[in-house]
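Below sits a lone chain in C-alpha cells, taken as the form predicted on its own.
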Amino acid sequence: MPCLVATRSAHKLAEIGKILADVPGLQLTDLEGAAIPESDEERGLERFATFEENAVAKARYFAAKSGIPSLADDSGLEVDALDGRPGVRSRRFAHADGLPPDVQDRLNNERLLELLGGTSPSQRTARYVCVAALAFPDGTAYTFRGVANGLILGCPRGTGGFGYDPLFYDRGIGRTFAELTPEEKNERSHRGEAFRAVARFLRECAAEKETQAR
C-alpha cells in the first residue's frame, strides 16, 4: 500500500520508516518525494488547540491532495512548570521560522532554559507527546497517541536526535534522548509508541484484506 508521510524532516521520516518497516507491502514516500510544493505544505499546517486536531487536519489535507492514504503527526513537549508549554507550539517556540532546522532547535532549547530559569530539578517534569493520524482520501481518519515522560535538564547532553532531545532526560534509562541510539529512542519515545500503534493497525487491516480475498 502506498502511503504519504506528511513531512519534509529527514529525521522524522527515518524514525517512522524504521518503526513501520515490518508492515507488509507498505511503501512510504514524503512530501519531497511526492513533489508536493512547500506552499501546499503551509496550507496543510493550520494550527489548532490540540495535537489531535493538528495531526488529523494535516493528514486529511494531504490524503485529499495526493489521492493516497496519508500519515501525519503532531508532536511536542509539555513542561509542567510552564503550564504545559510549549505544547503544540513546540516547533515555533522561539519564533525562529525560516531558519535551518538545527538553528531552530538550538534557539528553542535556549528559550526553554531561559523560561525555566532557577526551577529546581524536581519541578522540571515534562512529557513528549505525539499524535499520529492516518487519513484516507474519503476523509476517514484514525489517531494514535504516544507519551514519553521525563525531566528537563539544566544544560544539553548528547549529540543525537533533534528538537528538545538534548534536554529531555529519560529517568528510566538514565540518559537524554540525544544520548540514545536510534533503536533505543524508537523503543522509548512518544513517536515510537504512536507509530507502533499505527503499525499494528495497518497489519490488522492487511490481514483482514487477505482473509476477505480468500
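Just so it is clear, the structure is predicted and the values come from calculations on it, not from any experiment. Just count from 1 along the sequence shown to find any residue number.
We do not show the form predicted together with inosinic acid (IMP), though everything after this point is about it.
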Name the single residue among Lys18, Arg196, Lys12, Arg203 that comes within 4.5 Å of inosinic acid (IMP) in the model of the complex, judging by heavy atoms.
Lys12
Within 4.5 Å, heavy atoms only, which of Gly150, Gly163, Gly146, Pro69 is in contact with inosinic acid (IMP) in the model of the complex?
Gly163
Work out which of the listed stretches, 150 to 158, 182 to 190, 59 to 67, 23 to 31, brings a heavy atom within 4.5 angstroms of inosinic acid (IMP) in the model of the complex.
182 to 190
Those residues of 113 to 144 with a non-hydrogen atom no more than 4.5 Å from inosinic acid (IMP) in the model of the complex are Tyr128
